[in-house]
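Just the one chain here, the form predicted on its own, laid out as structure tokens.
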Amino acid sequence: MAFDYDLFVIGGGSGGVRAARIAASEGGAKVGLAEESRMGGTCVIRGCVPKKLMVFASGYRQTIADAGSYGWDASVGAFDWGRFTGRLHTELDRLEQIYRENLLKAGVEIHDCRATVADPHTVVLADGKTVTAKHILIAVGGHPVFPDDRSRALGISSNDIFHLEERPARLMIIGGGYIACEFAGIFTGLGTEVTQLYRGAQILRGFDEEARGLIAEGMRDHGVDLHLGTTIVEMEERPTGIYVKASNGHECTVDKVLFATGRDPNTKGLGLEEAGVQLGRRGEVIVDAYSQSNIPSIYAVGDVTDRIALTPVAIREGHAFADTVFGGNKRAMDHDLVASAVFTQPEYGSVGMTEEEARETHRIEVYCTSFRPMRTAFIGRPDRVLFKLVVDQESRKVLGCHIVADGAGELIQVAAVAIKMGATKEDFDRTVAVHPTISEELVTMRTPIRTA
């Protein structure tokens, strides 16, 4: 059977774009790609990139205050939301254009519309066209979810936050995951009065418990009004704003309520189940190690598979798919020891196992230190940093590394290389410290604080 395309990609985010480019430019495939929104996906348009720029913007108020304590004649004025967001969207437009140009250079045909799957080899485009493909790749990512209709009607999601016409003076955030905690720090830094409610006992579920506790303390020190073990029981729109009452009795009126209560894969209405593709409980595409679904011609990469929802992972999955199917190099994405960063204030970087995970399967030693760093201790700020290594007692391999500090995301990338290579605690010990730095603690912790 002759197909219109060797590969048709549904979704123009990081994973889909990488797969399309590699399949076309290196695999010689005829590739089509459909994107119903903007090229670049969640990361570029409504996620990593705009969020990180907001993190940068939010840090300057504290930096300028610190400058005064260090002897500079410095003061900070009001934050101009409109000036910042105007520049932000100009930058996102520029990045989106780069994504588009790179696809075209590789020979990919772009369809700027929604696409759905009709059968294992057929795609229906919203512009009325129907095309066939030998292989179909699903790379549509995920979307924020609201707990109920009331929250959807009165609240906003992380997708909406970048399009607000003005910075809210009072913001409530519901949730305790990384998105909720990152935006709590961002808006507090920009001068917004932030209240955060989370029904769990501690924020950042799934991360290392010691790190979670220190981050929660740091968020409160920076001005976030954080309430744990609580959730909304009443919410209504009033002339003065949105009135909220929490289950712990806390009451307040805010300008916006941000629900950061999870994300689900974007598979609804895509036609996958009708085509026979197996989906999981939350709508994720079930795939094997090579990103292939139970239908041999249909593959999926990125957040839509609900494996590890990180942009670099989606990119690697997309590249591995293209190499496997079109490059003659069958290979699976390695999901082990993937480092990550949470851009809270303080920042958190981690790779490998948490102490709690390691206790379940290994006999471990834990090396940990927490202290006030020189830069902020000098001016009397209460900020603390944390460095932690989880070590297997028998093999001596470092199973996990956790850093809470300014720049933790940068530091964990370097540590991840060593840990991915199988570094032992003694390898860390043999490394000479760089002094005076906070990161020298990674190679100077000699005695375990506990074993298990």
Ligand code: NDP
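Since the structure is predicted, the reported quantities are computational estimates derived from the model, not experimental observations. Throughout, we count residues from 1 along the sequence that is shown.
Not pictured, yet referred to below: the form predicted in complex with the ligand.
Stretch 338-346 is the answer when you ask which of 338-346, 70-78, 284-292, 83-91 has residues with heavy atoms within 4.5 Å of the ligand in the predicted bound form. With the partner omitted here, the residue from 265, 175, 189, 155 that has a non-hydrogen atom within 4.5 angstroms of the ligand in the predicted bound form is 175.
For the residues 364, 309, 106, 275, the 4.5 Å heavy atom test against the ligand in the predicted bound form is passed only by 309. Using a 4.5 Å cutoff between non-hydrogen atoms, residue 299 does not count as a contact of the ligand in the predicted bound form. The closest heavy atom approach of residue 205 to the ligand in the predicted bound form falls within 4.5 Å. Interface membership of residue 261, defined by any non-hydrogen atom within 4.5 Å of the ligand in the predicted bound form, is confirmed. In the predicted bound form, at least one heavy atom of residue 51 sits within 4.5 Å of the ligand. Along 187-201, residues 198, 199 each place a heavy atom within 4.5 Å of the ligand in the predicted bound form.
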